[in-house]
Each structure stands twice: as structure tokens, then as C-alpha cells.
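For reference, the chain that follows is the form predicted alone, supplied as C-alpha cells.
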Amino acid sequence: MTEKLFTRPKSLLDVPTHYCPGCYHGIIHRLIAEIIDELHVQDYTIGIAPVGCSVLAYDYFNFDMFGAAHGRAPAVATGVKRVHPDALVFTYQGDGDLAAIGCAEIVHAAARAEKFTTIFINNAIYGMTGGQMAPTTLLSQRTNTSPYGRNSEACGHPIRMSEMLATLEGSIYLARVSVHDAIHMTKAKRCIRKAFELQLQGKGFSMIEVLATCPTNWGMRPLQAVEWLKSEMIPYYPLGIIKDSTEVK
């Protein structure tokens, strides 16, 4: 007797993606699609993806998607949510996009308590544009624009975006998760779901930061990249709930 163990979420199209082997975007896409199906909000979900590796996300999700200029997804999401307050609106952004050219956009969206959710993919490097140093690149990490490793005197320290946004009154729920194994995938899904549920309840700004690998631009094999994420990224970007204003004090 055959038992069916896998069902593709309705919110995820049955198409191949362009992502590199070992990239976590596919896993994160699936988690988002599963949650949207479980919440029964596929018909009124709107996603926004700017320039970056996720620029073609509209080809993979089976609901309305917008494209945005580099770093401007929060501005687009603000307009969409204000016009469609009953929709589930989220941005899907990488660290080069959100923490660099889009830093002001995300800060002011959080400060205004805009009622959308951001899924923030932090792989500590620019992915689509060729592996340059990002605001989240770790000290001593080598990239195409820091071939000898990031130097704090010349380039400053990596920015912890979730901790920074936690200082703003308008942010209500911020969590940092990873999807490097099944246990952490489950925790990540739980956090994304809570962020979406809070939005549907009319609460303020929420963001889920997902630590991810980029084997291609890190110059590593996929399994090596997983170990590097665990040994180098997680100590600097600790996992857990960064802020939850909805908890009873």
C-alpha cells in the first residue's frame, strides 16, 4: 500500500526554480506557501519581491506578486496594504537589498508601524549581483569586494537588523530563524505563521529574519556552507525571538 508523504502547497507553483544547489530560498518559499494554505488566505495574499535572487518569485508563488525597485519593497508594500487593508501583504528581501539600499525604507516602515510582514533572507553577501560584501557580511569574511576579509576599520561592523528594528515602537514582532535542519524549519514556520497571524489581526510591523546559505558566492559546497552557517553566522546572529510586543507582561 502506497502512502502519500508529500503534497505541494496550492500556493506554490509546480515549476523548477533558478536557485543554486544548496540555496535556502526554495525551502523558505515552501514554508510561506504552506502557511498561506493553512490560513486559507491564498486569494487575498500579495507578495512584493525587489531586485535580488528572489526577483523571479512571481514565477513560483501561486498568488499575486509585485516587483519592486532595489530596496523599495517596503514602500510598495506600504501602498498595497493601505489600499488593501484586509490583504495579507509581505515583502521578501535579501540582506543586500534590505540592509543596504533599502535600509531607510525598512526603518521608516517599522517606525510607522506599517501593517505588513517582511521575510528577510540574510546570507551575509550579495547573491544575484556577484558576491560583493553586504552590510551583514561578517568580519574577516571574504567576498569579491573584500578579498582579504571584511575589516572593521575600513568597513565597519555587520549590522544586526532585527536588533536595530527592535528599538522602534512600531515593530511588534521580530524573530531570527534558520532552516538548516528539520527542527529549525519547524521553528521558522512557527515564527512566520505568527507574524502573518498578527498582521491579519491588524497589528503593526513584523519581520522574520532567516539565516541562509549562499554556497555559490561563499565558494563552498552545500554541506560546507551549512557548517559555516552554524559555526560562524549563528554566533553573531543568534536565533530566537528578538521582540514580541504581544506577550502578556
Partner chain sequence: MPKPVFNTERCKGCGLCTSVCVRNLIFLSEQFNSKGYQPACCKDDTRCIGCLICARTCPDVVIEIHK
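Here the structure is a predicted model, which is why all the values come from computation and not from measurement. Positions refer to the first chain, counted from 1.
The protein also exists as the form predicted together with the partner chain; that form is not presented, and the subsequent description refers to it.
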Report summary line: Students should find that, of Leu39, Met185, Leu198, Met220, the residue having a non-hydrogen atom no more than 4.5 angstroms from the partner chain in the predicted bound form is Met185
Query - Residue contact check: Leu12 to the partner chain in the predicted bound form, 4.5 Å heavy atom - result: yes
Requested in this report: Determine whether any heavy atom of Lys203 comes within 4.5 Å of a heavy atom of the partner chain in the predicted bound form, and answer yes or no.
Outcome: no
Query raised in the report: For Glu247, is any heavy atom within 4.5 Å of the partner chain in the predicted bound form, or not?
Result: no
**Report entry** 4.5 Å heavy atom contact, Arg30 and the partner chain in the predicted bound form
**Finding:** yes
